[in-house]
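Below are two forms of the same protein chain, given as structure tokens: structure 1, then structure 2.
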Structure 1
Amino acid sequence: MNIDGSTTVVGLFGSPVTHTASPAMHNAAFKALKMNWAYLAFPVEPRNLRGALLGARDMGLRGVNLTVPHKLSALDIVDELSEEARKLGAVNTVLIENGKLRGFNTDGYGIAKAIKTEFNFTFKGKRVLVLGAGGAGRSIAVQCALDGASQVLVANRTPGKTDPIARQMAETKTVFRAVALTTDDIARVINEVDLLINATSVGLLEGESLGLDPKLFTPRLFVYDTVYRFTETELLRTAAAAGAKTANGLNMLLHQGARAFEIWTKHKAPLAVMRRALNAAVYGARK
């Protein structure tokens, strides 16, 4: 990659960002399409998000992705919200255009594509348990409802944080339930669902555990972990050992990234190139 005075810059704002594989994915796509663009990761603390987004606009960046913990805060900063971002109640992609910060959400699209790719089904008619009610959890839960899930349970440690999700789902036919993110509460409801999705950051560091009893998992359950840094997080190892069907978050990252790429560049994303770059960045010689 040759960076010069004409290079268009996009990137990622988050805290932390050292784990991200997004630069590898996007820069490989730019190279494949011979585009003079560069994707960089920027560590941005929550208190600095507004300044960072306004600075990105003033410095001429084309756009940014937002990761933990910025997806909800950005709702009150951007100038415009896409219909998807409004419905899903979170922003993970910002397009900077004509001096405006335009907020989008590609997480919902990404999780729907990932579930179809990994498990060969859609959310329609399914009962889903989502762990976490942050930006990713909110987007995933509402996407499940928009795609026709019969029931969505959201487990979170902070009381009241699921209230916005309940309001967003009120316009759908999906039954919503809030539960506490404790081992006892998960144990009480896990047999009622078809699919469990971990949308917390637990598992981002090797050795982290949600502490769920292996006996909770059965071969009839599908388990998706949005964490992608390891082939198997502790959650996925535990679930797979019990016979559950499992997948990590790499396909969600791929598809949400491809949608963001298309929003910024107006070009069709080279999925095969992006997938190879992700696999190399995350798994290296292991895959």
Structure 2
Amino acid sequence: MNIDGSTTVVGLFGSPVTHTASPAMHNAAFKALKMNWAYLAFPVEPRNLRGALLGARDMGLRGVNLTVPHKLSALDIVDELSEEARKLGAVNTVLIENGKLRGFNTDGYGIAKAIKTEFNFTFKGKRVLVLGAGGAGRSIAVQCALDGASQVLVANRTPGKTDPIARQMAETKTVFRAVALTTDDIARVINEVDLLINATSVGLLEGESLGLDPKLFTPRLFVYDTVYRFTETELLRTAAAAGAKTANGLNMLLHQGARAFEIWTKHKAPLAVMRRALNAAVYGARK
């Protein structure tokens, strides 16, 4: 890909961004489709998010992805919100069009596609336990409800942080319950759920563990970890050893990225190319 005077620029705003695999995934897609586009990662501090987004608009960028810690604060900065971003209460993709910042959420779509791809079911009628109530946990829990999950339980280390999820879910028919993120509390509800999703950042560092008792896991349970840095996190290893069906977060990353690609370019995303690029970027060096 030759960058020149007519290259269309998109990118990622976050803090930190050095670990991201998104540039590899998107630039591989642009190359495969022979598009004169480039995806770059920009370290943006929380206090600079507004300036960075307005600057991106004024400099002619086509759009950006937002990652930790910007997904919630962007809600008050963008000019328009898509239906999904409003319902999920977080923005992870911004399209810059006709001088306007338009906020989207593709994380909800990403998790639903990942669960379908990995486990071959949808959230409809399912009972789901989500660990974590940050940007990802909130999007995932509300997406489960929008897709017809019968129950969504959310366990978070800091209790009050589940309140916005409860409010967001009040518009749906799904039964919501907050539980504490402890082995004892999870032991009380684990037999009532079909699927457990880790949306905490525990597992991002090698060997990091939620410390859940291995006895919580059984062969009837599906366990999805949104962490994708390792093929198997401590949580997935423990769950798989007990016979549970497991998958890591790579497919969620792929599908949220593919949807963002389509929002910006209006072209169908080349999924196979993007998946290959992601695998090489995340696991290549460790193979």
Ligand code: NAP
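Residue numbering: sequential along structure 1, first residue numbered 1. Rigid core: the largest C-alpha set superposing within 1.5 Å between the two forms. Model, not experiment: these values are computed from the prediction.
- Legend: structure 2 corresponds to the form predicted in complex with the named molecule, while structure 1 does not.
- Once the rigid core is used as the reference frame, the Cα position of Thr158 differs between structures 1 and 2 by 2 Å or more.
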